[in-house]
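The chain that follows stands alone, in the form predicted alone, written as C-alpha cells.
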Amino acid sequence: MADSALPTAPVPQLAQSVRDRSGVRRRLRYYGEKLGGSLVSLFAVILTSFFLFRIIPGDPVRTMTHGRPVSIEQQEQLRREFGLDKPLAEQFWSYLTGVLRLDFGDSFQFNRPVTDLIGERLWPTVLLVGTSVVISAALGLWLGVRGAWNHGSLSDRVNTGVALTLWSVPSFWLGLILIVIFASGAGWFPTSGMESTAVEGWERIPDVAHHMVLPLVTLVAVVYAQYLMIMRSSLLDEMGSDYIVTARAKGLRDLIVRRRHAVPNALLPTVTLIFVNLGFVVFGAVLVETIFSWPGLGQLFYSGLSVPDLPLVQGLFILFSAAVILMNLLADLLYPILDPRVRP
C-alpha cells in the first residue's frame, strides 16, 4: 500500500503566516498598553481632583457670604446644602459615583449644573485656543523649515531670537502690554469680552473676530516658538542624513529635496507636540481669558478657584486632564502609522 502524503503548506508561506500573527499580537499588545496607561492616568486624575482642591485655603461658604448679614445658622444651612457637613469618605463616594455618571454636581456660585456651565463656555474657548493652535503650528513650522534650510543666516538668527524672546515672556504680561498699547491707548481693539451687545446676525462674525485679535495674538506669540524650535532642530538633523546627500547628488532641486524628502521625516517629532496642544484647546488659557474677560472655560476655572467652587473646579479639572490624556493617546496610536521605524 502506497503511503498517502499529507498536505503541507509551503515553508515560505508558513513562515510569513507566523510573522503576520506575531506582528498582530505585538500591535495589539502595544495598543492595549497605551490604552491601559491612559485609563490609569485618568483614574489618577479623578482621585487627585477630589483631594487637591480641598487643601486649597478658603471656605466656600464664608467667601460667598462675605460682606453679607448672614448668621451662623444660615452658614451651616449652606454647608448642608453643599454637602460640606458630611464626612470626607461620604463626600468622596458621592463625588466618585457622580463622575462615573458624568454628573459633576451643581456649582456653588451659579447654583446650576456644572455640565451646563461647561457646555455654555466650551465654544468660546475652542474658538480662541483652537485658532491659536492652528496659526501657531503653521507659523512655527514654516519659520522652522526656513530657518533650518538657511541655517546661520541673518533671517534665521533674527527669527530664532524673536521667537525665544516671546516664548520667555509671561502671557499675562504680554496681554496687559497689548491692552495698554492697542486697546486703551490707540483704541483700535476692545479691551474685554467676546462680542458687542448691540450686534446681531451676520455682523457678529467680524465683531467676534475684532474682539479676538488681541487675545489671539497673545497666545500665538508665546506658543509658536515651540513649533519653530522643534521643526528647526529636526530638519537640521535630517539634512545630514545619507538619503538627503544622495538626493542632492542625483541633481534634484533643493525645493524638491526639502518638500519630498527632508520635511516629511522632520515633521514627525512635531506630531506629539501638536496633539498635546490640541488637548489644551479644551483647557483654554486661564490667564489670557481672565485678562481679556473672554467668556471661556479658562475664565470659568479662575472664577471657580477664587471661592473655591469645588464641583466646578473638579469638573473642569477632569475635563482638561481627560482632553490632554486623549490627545496623547491618539498621538501614541498614530505615531507608528506615520513613522514605520517605531512600529511594534
Partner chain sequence: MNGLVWARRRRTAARFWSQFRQNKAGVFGLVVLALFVLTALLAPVLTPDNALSVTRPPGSPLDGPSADFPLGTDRSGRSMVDMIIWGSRVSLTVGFWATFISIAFGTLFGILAGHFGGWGSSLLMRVTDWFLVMPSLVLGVALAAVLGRSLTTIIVAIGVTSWPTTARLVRAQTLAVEARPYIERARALGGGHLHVMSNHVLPNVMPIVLAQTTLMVGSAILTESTFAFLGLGDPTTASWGATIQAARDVGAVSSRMWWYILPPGIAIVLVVLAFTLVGRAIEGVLNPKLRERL
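Residue numbers count along the first chain shown, from 1. These numbers come from a predicted model, not from an experiment.
Separately, the form predicted in complex with its partner chain exists; it is not shown, and the next lines address it.
Interface residue in the model of the complex among Phe92, Trp167, Trp142, Trp123, criterion: non-hydrogen atom within 4.5 angstroms of its partner chain: Going through each option in turn, the one that passes is Trp167.
Contacting member of His151, Arg101, Arg80, Arg112, with respect to its partner chain in the model of the complex [4.5 Å, heavy atom]: Only one option qualifies, and that one is His151.
Contact test in the model of the complex: Ile179 vs its partner chain, heavy atoms, 4.5 Å: Flag for Ile179 set to yes.
Contact of Ala331 with its partner chain in the model of the complex (heavy atom, 4.5 Å): Outside the cut-off, so no.
Contact test in the model of the complex: Ile118 vs its partner chain, heavy atoms, 4.5 Å: Looking in the model of the complex, residue contacts with its partner chain do not include Ile118, since no heavy atom lies within 4.5 Å.
Contact test in the model of the complex: Leu28 vs its partner chain, heavy atoms, 4.5 Å: No, Leu28 sits far enough from its partner chain in the model of the complex that none of its heavy atoms falls within 4.5 Å.
Which of 72-80, 123-131, 224-232, 198-206 lines the interface with its partner chain in the model of the complex (heavy atom within 4.5 Å): So the stretch in question is 224-232.
Residues in 188-207 close to its partner chain in the model of the complex, defined by a heavy atom within 4.5 Å, in order: Counting only heavy atoms within 4.5 Å of its partner chain in the model of the complex, no residue of 188-207 makes contact.
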